[in-house]
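Just one chain is shown here, as structure tokens, and it is the form predicted alone.
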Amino acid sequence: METGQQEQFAEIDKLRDELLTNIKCDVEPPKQLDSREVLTRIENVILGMVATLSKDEAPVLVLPSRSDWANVSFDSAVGLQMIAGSSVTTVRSDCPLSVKKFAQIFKILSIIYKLVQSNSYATKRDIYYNDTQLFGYQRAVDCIVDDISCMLQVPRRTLHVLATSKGFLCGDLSYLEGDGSRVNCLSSSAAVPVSSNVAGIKNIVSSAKFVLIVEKDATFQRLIDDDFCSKLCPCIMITGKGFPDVNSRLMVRKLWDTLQIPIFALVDADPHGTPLLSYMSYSTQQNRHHTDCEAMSFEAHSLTVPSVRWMGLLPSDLQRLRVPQDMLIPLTQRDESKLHSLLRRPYLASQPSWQKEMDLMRQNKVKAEIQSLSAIGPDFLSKVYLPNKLRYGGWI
């Protein structure tokens, strides 16, 4: 390897050595539940309902409260973990406000039971179309599957319910799909969809120096057009087109477990880009209604990579690079509330550099998108910003 290339990769190699030294073997993954155990847990829920009915009482389902931060503890090596004695919510069968949800939960429980029993799989979309009148909208199914995962204390993938992939991959990567077909991202002229069966992927081959998680599809496509993965150094890029779906997260974790190379994130410098970092690192989930801090707690080991580094766009970059004023967007009241909430999260104590950047954003009261760098130069991102970050270790 030429001296110039060695210098280019020096900080990346140094980071990799540091990660491997500090993280060692990570945390031992939790024991996988077999199908019989999942069926038994569902049967116990039903038997509890039967026992209640035998006493002439209305059945009640007790669910862990997924929006209560008091219900989780933080482990820097894994992420957020559910704790014993969590606060709960009840779904009553005799209450007009919750009877529909009660029926929806039992409908999905019955579907899951049949899937596990027959060793077959269905997507959340399949479940929705099983009874559109009962569920009303897709979001109801999505939430209830998470509720059931928490109630049974099992990862969602063991429920035999699949999530649809929306992510894409490109770069120095090839592997075998579960059906035996070979995927070669390098030979593809376009990005490759993330597999819907990440668990079945094997024989991963790559000489990549790092993985880059790109928040926005537009930025991802621009980097592909600029031939970023081959011109700079061998790397892998992945996008979830916004907040990454479960399969994209599983893929990132699989790449880390297999290749043991640094993973960087490129997100907007705003209160909605920074949560993506925590989502990939510590297993929090954001939606428009609340922060779902428990839904992923049983899957944290396979869904998170606590060693993810924030490559950019950093709020401090806006000043350092003198991003034009007309590319900066004032924070709204909602943005400020979001930042205030983020700064109170338990995992930020282990990320003082992230906290410092968020504080800076709050003080300056402005945000910016990755695309704002194009105001400096049309190819500034791929030819200047990222190469310099990688060369000089400009991540946190």
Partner chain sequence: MGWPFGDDRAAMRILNEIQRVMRLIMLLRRQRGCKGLKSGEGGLMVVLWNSKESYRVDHCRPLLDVSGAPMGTDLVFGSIAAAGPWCEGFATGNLKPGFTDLIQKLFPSEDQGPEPDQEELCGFTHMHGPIHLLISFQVKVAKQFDRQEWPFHIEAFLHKLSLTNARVKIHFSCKSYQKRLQRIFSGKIQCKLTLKDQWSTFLDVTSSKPGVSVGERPWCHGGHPVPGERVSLSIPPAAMERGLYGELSLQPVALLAPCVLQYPNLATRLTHIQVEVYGPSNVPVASPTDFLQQLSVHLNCEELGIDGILRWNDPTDLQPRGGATLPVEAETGPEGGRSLASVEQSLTLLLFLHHMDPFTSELYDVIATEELLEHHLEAILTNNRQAVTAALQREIKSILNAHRRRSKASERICSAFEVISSSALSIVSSSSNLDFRAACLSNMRVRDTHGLSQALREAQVRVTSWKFVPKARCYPVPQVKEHITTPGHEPKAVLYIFTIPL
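Residue numbers count along the first chain shown, from 1. In this text the structure is predicted, and so the values were computed from the model without any measurement.
Below: the form predicted in complex with the partner chain, not depicted.
Chemist: Can you work out whether the partner chain is within 4.5 angstroms of a heavy atom in all three of Ser54, Ala103 and Ser110 in the predicted bound form?
Modeler: Looking in the predicted bound form, the three residues Ser54, Ala103 and Ser110 all sit within 4.5 Å of the partner chain (heavy atoms).
Chemist: Given that the partner chain is not shown alongside this chain, does Val62 nevertheless sit within 4.5 Å of it in the predicted bound form, heavy atom to heavy atom?
Modeler: Flag for Val62 set to no.
Chemist: Would you please decide whether Gln117 lies within 4.5 angstroms of the partner chain in the predicted bound form, comparing each non-hydrogen atom pair?
Modeler: Output for Gln117 is yes: heavy atoms within 4.5 Å of the partner chain.
Chemist: Is there a heavy atom of Ile42 lying 4.5 Å or less from a heavy atom of the partner chain in the predicted bound form?
Modeler: Contact with the partner chain, yes.
Chemist: Does at least one non-hydrogen atom of Lys356 fall within 4.5 angstroms of the partner chain in the predicted bound form?
Modeler: Result no; Lys356 lies far from the partner chain in the predicted bound form.
Chemist: Among 91-99, 241-249, 213-221, 226-234, which stretch has residues with heavy atoms no more than 4.5 Å from the partner chain in the predicted bound form?
Modeler: Contact criterion met by 91-99 only.
Chemist: Taking 4.5 Å between heavy atoms as the contact cutoff, choose which of Lys365, Arg344, Arg334, Arg36 touches the partner chain in the predicted bound form.
Modeler: None of the other options qualify; the answer is Arg36.
Chemist: May I ask you to choose, among Ala199, Leu134, Ala190, Val205, the residue with a heavy atom within 4.5 Å of the partner chain in the predicted bound form?
Modeler: Exactly one listed residue reaches within 4.5 Å, namely Leu134.
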